[in-house]
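The data below hold one chain only, encoded as structure tokens and taken in the form predicted alone.
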């Protein structure tokens, strides 16, 4: 499976000086934690150890809770993050963390979500330019127009949206709870924004129960996969006696989902892949962003053959250790999430409703 290369240091920040003993201990820790001995060898771990050491020191000194999405690179996930998961779990972690400052290593909408659920906390986002094709593809005005066209119809909003869009919706959903929540919404119609692929999955799931009106947005990463490619891989592997298990994220097209053995969020895909490997089914095609594959390789106790090719999210991979260190040392105004109080108040209702309906 082709994986993204290890990110090169930007050289934009000078790390603190540590003793050779401290650096070697940290390099050994990173080497063991990352668990990919060929790609993240001791040479690489020694190179990044000054950065991870200082980041972890500053987190303690400044009482910062560092959250990272599963799609972040292994040096962040295993080197400095306090919590790593998918959108739903991380939104709860941001809400429940006792620390007054949260650094969110992810894309912008996720850091905004942390601010919505914890408006009294300082939320740092190291890479202000890290967007998302889904959140960038819909505006509050789009939702307002849909409400005018379909008055009284509840609007379910995928979490991959800005705070301003969430403020116009009735309930937020994530890839781990969208079907459950959409089932529980009142009435026989609903509007689903902005992911058309996930919306099609909701339409199929609720066929005969609810009419689902879908907005035309997509994740540029998951849109790369097609059902025909899955079929081609299955046939090729079967001709050589390989029992290929296909695991897909629900942001994929319906053709992909129909050909999949399992559909779920990043965390559920990880658990299913490791469960299959433990039962002697190690040949897995993982259809999602590469970060999930990185975590499976690092955390599985059983041998797993990840076949096919993942797709890297250019937005998720913008953040590097240097960006995190700089934001901890002296954050710029753009790295501090600020949202208008009225938007927070309205957007928080959609997130509160998500927590209520999902639990």
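Quantities reported herein were computed from a predicted structural model and do not represent experimental measurements. Positions refer to the first chain, counted from 1.
One more form of this protein should be noted, the form predicted in complex with a small molecule, which is absent from this view; the next part is about it.
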* Asked: Would residue 249 show up as a contact with the small molecule in the predicted bound form if we use heavy atoms at 4.5 Å?
  -> yes
* Asked: Does the small molecule get within 4.5 angstroms of any non-hydrogen atom of residue 160 in the predicted bound form?
  -> yes
* Quick one: does residue 78 come within 4.5 Å of the small molecule in the predicted bound form, counting heavy atoms only? -> no
* Given that the partner is absent here, does residue 87 sit within 4.5 Å of the small molecule in the predicted bound form, heavy atoms only? -> yes
* If we take heavy atoms and a 4.5 Å cut-off, which stretch out of 120-128, 152-160, 138-146, 201-209 is in contact with the small molecule in the predicted bound form? -> 152-160
* Asked: Considering the small molecule in the predicted bound form, which of 169, 110, 102, 284 comes within 4.5 Å of it through any heavy atom?
  -> 110
* Asked: Taking the small molecule in the predicted bound form as the reference, which of 178, 225, 71, 192 has a non-hydrogen atom within 4.5 Å?
  -> 71
